[in-house]
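Next comes just one chain, in structure tokens: the form predicted on its own.
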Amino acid sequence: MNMIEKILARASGRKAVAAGEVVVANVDCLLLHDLSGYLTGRVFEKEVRRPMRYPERVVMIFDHHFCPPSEEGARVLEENRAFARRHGIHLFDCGNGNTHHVGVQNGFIRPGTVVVGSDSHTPIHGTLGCFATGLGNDSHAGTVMPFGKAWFKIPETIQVRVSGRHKPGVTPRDAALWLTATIGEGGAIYKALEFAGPYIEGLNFWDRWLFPMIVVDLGAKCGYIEPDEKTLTFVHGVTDKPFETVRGDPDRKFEAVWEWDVSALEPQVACPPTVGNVKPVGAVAGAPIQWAELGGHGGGRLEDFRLAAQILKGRRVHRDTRFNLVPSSRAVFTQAAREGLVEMLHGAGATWFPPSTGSNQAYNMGAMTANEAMISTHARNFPGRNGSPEAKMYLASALSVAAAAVAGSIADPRQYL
């Protein structure tokens, strides 16, 4: 069996499972953000009306309404706080960071476990060697909260093997964007994608993070990287809770093996209207940019601020562009301050925001008019996601985002390195 099959077999009390079978599995962690938590909580209390079986496994993070702009938004958080107190679940209030980074950095996600969440990018936690996937709010309220369980159909698994070494100025985010376009949106419907190969093995933990992040837009059920020493070192650094590492059998079978080499890759940009519309940066260079942002589930990492500093050193943000910096967690902001990145980037004209999900869906920031465009490290760029449906949203690496902030338009970051 492969890793996902082993995890789901153990979680459902079976010795073995095979693709296509349906299992009812124990859930080790439920991740909710403020919006989904509000919806789930109402259904759980008004419709399900049972005790919460394992409140210690439920985590709610306020990352969308991180500073409510309206009384309505404030009431959502008020009700969420009361819900958390009534049921004894873990609550991370405004300013702690975005859902996935907070969950990981506080030790709630561990190898070999079953993780579910309301956010569609929950498969990102497969980076730690667990089975992680998104479920609907009613599933959380109806099965996970009262019983600690959820049902799953075992997916077929495809191995995505990546090799090669980047050219200077090209980053793992460029490779992840390129893979999204190459595999295609909907190109892996209900599959499990195992990311492997010498390229993946050579990445640090937070760069590996960028690959399971893309699987939901490929239509996959989950994505994962088999845990190795890098994974275990990271996990032991954030938690002392016990876990059992799970790896696939050496002779495990895959539905298919897809292989790519990223050595020739150029910096990539995902252009409107979807994440799969990816082009080399040269094809869109010169497009005006009014907003640039490092943040979101794929950004706001310490690595992103370090990359931006390479571009901004000795330079300033363009007068027609606003450059938003949104740490993924308080831990990231603390380390950025220690390294002098906070002062350096602030001095270059960028603006720091509270640790959160940033302008994601413009709940607190980042709304644009029809005439504006943003380039960011966010995970999605659908029309209307940040204000007007006619506004343009581009996705790129931290290097390319910082280069655009300096140029006032999309630019090849290699000219600034």
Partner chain sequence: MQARGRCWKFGDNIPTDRIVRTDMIFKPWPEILKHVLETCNPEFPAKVQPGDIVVAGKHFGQSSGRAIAAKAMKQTKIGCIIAESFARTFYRNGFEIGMAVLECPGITAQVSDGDILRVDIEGGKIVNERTGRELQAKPTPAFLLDMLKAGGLIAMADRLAGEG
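Positions refer to the first chain, counted from 1. Note that the structure is a prediction, hence the values are computed from the model and not measured.
What comes next is about the form predicted in complex with its partner chain, which does not appear here.
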Would Lys221 count as touching its partner chain in the predicted complex under a 4.5 Å heavy atom rule? yes
Under a 4.5 Å heavy atom criterion, is Glu56 part of the interface with its partner chain in the predicted complex? no
Would Leu307 count as touching its partner chain in the predicted complex under a 4.5 Å heavy atom rule? no
So in the predicted complex, does any heavy atom of Asp138 sit within 4.5 Å of its partner chain? yes
Using a 4.5 Å heavy atom cut-off, indicate which stretch of 223-231, 203-211, 288-296, 148-156 touches its partner chain in the predicted complex. 148-156
Scan Asp93, Glu185, Glu78, Glu266 and let me know which has any heavy atom within 4.5 Å of its partner chain in the predicted complex. Glu185
Would you kindly say which of Gly248, Gly134, Gly169, Gly197 lies with a heavy atom within 4.5 Å of its partner chain in the predicted complex? Gly134
Would you mind checking 360-385 for residues with a heavy atom within 4.5 Å of its partner chain in the predicted complex? Gln361, Tyr363, Arg380, Phe382, Gly384, Arg385
